[in-house]
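The form predicted alone is given below as one chain in structure tokens.
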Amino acid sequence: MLQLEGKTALVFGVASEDSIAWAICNRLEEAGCKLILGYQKRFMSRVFQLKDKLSAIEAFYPIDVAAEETTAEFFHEWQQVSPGAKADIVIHAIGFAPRECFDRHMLFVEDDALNTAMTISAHSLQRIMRHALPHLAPNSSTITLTYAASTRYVPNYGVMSIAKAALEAWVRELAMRVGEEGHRVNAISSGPIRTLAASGIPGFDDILDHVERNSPLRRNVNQDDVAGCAVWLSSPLGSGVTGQIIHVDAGYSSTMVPDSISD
């Protein structure tokens, strides 16, 4: 039913076995996909420890989405090894902000740190899509990952809130620009999940506890919850969905004043 046998997915953002991107890789393999991974050199040893765990992984190529040249090089290397290859799915699971963005008051974060956070966490979607476009199969699906702090205040999330808001704007804009050719672009807004990236957010454990107490499902979501949604969006079952922000957060985004206010 998913009809992903023989499809190819480009996956950006695997940093460890706890990465949401890695859970998506596992689900895509189960659905019959071949995988091409882009990795940051600083995570190379971790990523290469994973390479034998999924037989669907056909290749790894380094990429630094903060730089035009290295992004172009990823696609150049892929095409050199597999001339004319096409991608049916693009997974953009990338986010980063320098430590300064969390340690300093928002008003005093320097331009360099702000620009780094915005370039890697938001504008990189446009950069990857620009380089991927000539190599996309008809009716491709691109999926990125966002968070509800894009539209509301979350303590200590700071600059990343701004970056996620920009990322969601890119989703809408890009969906409109490539939709005529049948390509789809969507975002999954995940609830908080314990990952390598999340470990740098002060008070993250308190956020997890709060969501577990107050979400309609009374639990936190996990990597596999998000991966399931990603596979659906990747498949023909999601063929009519584009430009959307889909919440996978145990229903937390549907609440305003939680029941626990009376406790």
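This is a predicted model, so every value here is computed, not measured. The first residue of the sequence shown is number 1, and the count goes up from there.
Although it is not shown, the form predicted in complex with a small molecule is what the next lines describe.
The candidate stretches are 25-33, 52-60, 211-219, 38-46, and the one lying within 4.5 Å of the small molecule in the model of the complex by heavy atoms is 38-46. Contact check for P98, G158 and W170: none of the three has a heavy atom within 4.5 Å of the small molecule in the model of the complex. For the chain shown alone, A66 is a contact residue for the small molecule in the model of the complex, at least one non-hydrogen atom being within 4.5 angstroms. The closest heavy atom approach of L10 to the small molecule in the model of the complex falls outside 4.5 Å.
Though the partner is left out of this view, T242 does not reach within 4.5 Å of the small molecule in the model of the complex, counting heavy atoms only. Using a 4.5 Å cutoff between non-hydrogen atoms, A87 does not count as a contact of the small molecule in the model of the complex.
Checking I193, A132, A175, L114 against the small molecule in the model of the complex, a heavy atom within 4.5 Å turns up for just one residue: I193. Only one of the listed residues (V109, I120, L136, A166) places a non-hydrogen atom within 4.5 angstroms of the small molecule in the model of the complex, and that residue is I120.
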